[in-house]
Every structure is written in structure tokens, then in C-alpha cells.
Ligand code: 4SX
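Single chain ahead, by itself, as C-alpha cells, in the form predicted on its own.
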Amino acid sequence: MTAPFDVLRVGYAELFVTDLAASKAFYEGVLGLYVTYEDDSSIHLRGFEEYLYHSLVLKKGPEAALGALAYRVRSNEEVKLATEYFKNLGCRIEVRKSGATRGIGDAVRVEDPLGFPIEFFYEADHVERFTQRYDLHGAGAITRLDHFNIMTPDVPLAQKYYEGLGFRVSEDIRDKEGTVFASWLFRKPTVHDIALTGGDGPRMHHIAFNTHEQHHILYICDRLGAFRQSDRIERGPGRHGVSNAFYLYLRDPDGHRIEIYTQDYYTGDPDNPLISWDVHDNQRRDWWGNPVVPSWYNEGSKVLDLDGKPKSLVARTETAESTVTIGADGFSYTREGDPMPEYKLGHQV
């Protein structure tokens, strides 16, 4: 299928927060993101490898919510194609002239068929890339924005919509009856740019930032402990089954979920195989088999429409992933029918 326009990758997230000072202390002071610009109403931040103006915009608002998820496209012509595509779908659109978001050129922001505020842009102001400024690398040595994860009541419908935009599926979670509980799709050659989690929606599950090494994630945990903020750790650190990435989930001062993520794999070849996980496999969400806290399945951030009003939730009618598990998240087997590997002197045989 030919994509209607060419999405390159995730671009930035816009989050509304209630206390900018508390948010700055978390994102800059704890995680080590760089502030590109700030004023009384917003803070623009980025990772050390990023040369676009920002990958995260924090805006002061009356309540915590998602303002927009933004994708970068290949050119300004692609922005125009996106505008026409969503106009023809009957979606509400907002054409945004250069500077509507500081540092971002002409863009279009839409309420997509899933109910999310999504922006598509190409032009952005360039800033210094700090790749070799090791003197400036923060606590987690966060490199860049990696992906978004959204909660939606109909995962197959959402997957079909994203596949229609040219995204490809890398992994999913399903049961023997064919119910799909979650799906991972990509444009850049990693496991995902967007993940679809089954649940009442539209809600934002999390945004994720990449770092190069596991020890950066462990250092963030130590740093949170030193600040007496270990309660910000919701889940992890651990190793995912899906994506194989090492992870840590945190909650920011407003409850937005942030993942720190490293060491997934390359997906850029045209025949990259789909990996499907059994929903009863207790290694799918955590390779070590650790249980998943209920809040991780059940909680997410509100989503705003283009008028800045909270979107109403649509309930998931299919079985939720959290309800097919024992306790928080643990069946006693990994993948039913799989033989257990044998080991001798530390080597698989």
C-alpha cells in the first residue's frame, strides 16, 4: 500500500502541566533533558542528540493532559498532502502557520479518527546537537524522543488506520481467539514509533525517551532515590519481552507516564518479520516474568481536542489485557507448548 504522505518518525509531544517549576525540576533536574527555551507559560526541551528545537513542550494549563503528538514528515509538500488527506477523511483540522508552536514551521494539527490531536510538520529551527558535549550529558544521558504509546478501545481498527498511513507492524499481543490486545508500529527502523494499547480511550499511555545504556536508567533510579522521589518509579527497571528493550516507567509531577527506553532492535528491512506474543505469556511485558502493576494497565493521561477541551472516553468492549491475567500480570507458563531450553555450563544446547 502506498502511503498518502511520508511520515519520517515521531517529532515531539506537547503536554499540559499544572506546575511548570515542578515539571522543570523533574525533566531537567532529574532526567537531564536540555531546556531550549522557557517563559512563564511553556518550557521546550530536547535530548542531547536532537538538533530540532525540541522534542517535548510543557505548557501550563488548568489540568494535566495531552495537547498533541507530533510526527515529522519528509517535506512541506507532505504537510500539504496530510492536510488534504485528513480533510477528505472528514476529520477536523487546524492549519498552523510557522511559529504557532515556537520553533516549528508550517504544520497541520488534526483530530484523527481515533480521537487524538496529531500534528504533522517538517520545518523546525535547528539548535546545537550535544552529541560530544559529554560535560553536559545529564543524569540519564537521554538521547532523543523514541516513541508514543496510546490507549484506544479498538486496537485492530487503530492498527488498520496507522497501516493506512504507511506504518508497519513489528510485534503484537493476541490470544488464540484472535483478540488483539496491543500492537507496535514503526516508520523509523526501530521497533516502534507508536504503540497501541487496548483500553478506554482516547488516552495517552506514555511517551518514551531513548538512552544508550542500561546503566543510564539505573542512574536515574539512584538519582530519584537520592532526591527521595523513588515513588515516581511506577514500574521497572526491567527487560521487555516485546521489543527486547530495557525499560523504566516514571510518573511526572502531574502523573504523565514517561518511559526511559534502550536497546531494542533494527526493523528497517522490507521483510522484517512480525512477532506475535500470546497474551498468557508472562514474559511478554517483562522478560524476567515480573508482574505488571495494575496502574500501568488502567491509568493514562487525558486527551484534549483542538479547542483544548478534554475528549470523552469510549469504553473498550473487548476483554482488557489486565483481566485475562492472574493477579497483576502473571501466568505460570511462558508460551504454552514451547519446549524449555536446556543449558550446560552456561550455554544453551
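For clarity, every value in this text was computed on a predicted model and none was experimentally measured. When you see a residue number, it is the position in the sequence shown, counting from 1.
Just so it is clear, the following notes concern the form predicted together with 3,4-dihydroxybenzenesulfonic acid, a form of the same protein that is not shown.
Residue 285 belongs to the set of residues with a heavy atom inside 4.5 Å of 3,4-dihydroxybenzenesulfonic acid in the predicted complex. In the predicted complex, 3,4-dihydroxybenzenesulfonic acid lies within 4.5 Å of some heavy atom of residue 296.
3,4-dihydroxybenzenesulfonic acid in the predicted complex is approached by residue 242, whose closest heavy atom lies within 4.5 angstroms of it.
Though the partner is left out of this view, residue 150 does not reach within 4.5 Å of 3,4-dihydroxybenzenesulfonic acid in the predicted complex, counting heavy atoms only.
The three marked residues, 173, 192 and 259, each reach 3,4-dihydroxybenzenesulfonic acid in the predicted complex, with a heavy atom inside 4.5 Å.
Put simply, of 130, 249, 86, 122 only one has a heavy atom within 4.5 Å of 3,4-dihydroxybenzenesulfonic acid in the predicted complex, and it is 249.
Checking 137, 216, 206, 72 against 3,4-dihydroxybenzenesulfonic acid in the predicted complex, a heavy atom within 4.5 Å turns up for just one residue: 206. Of the candidate stretches 277 to 285, 310 to 318, 39 to 47, 23 to 31, only 277 to 285 has residues with heavy atoms within 4.5 Å of 3,4-dihydroxybenzenesulfonic acid in the predicted complex.
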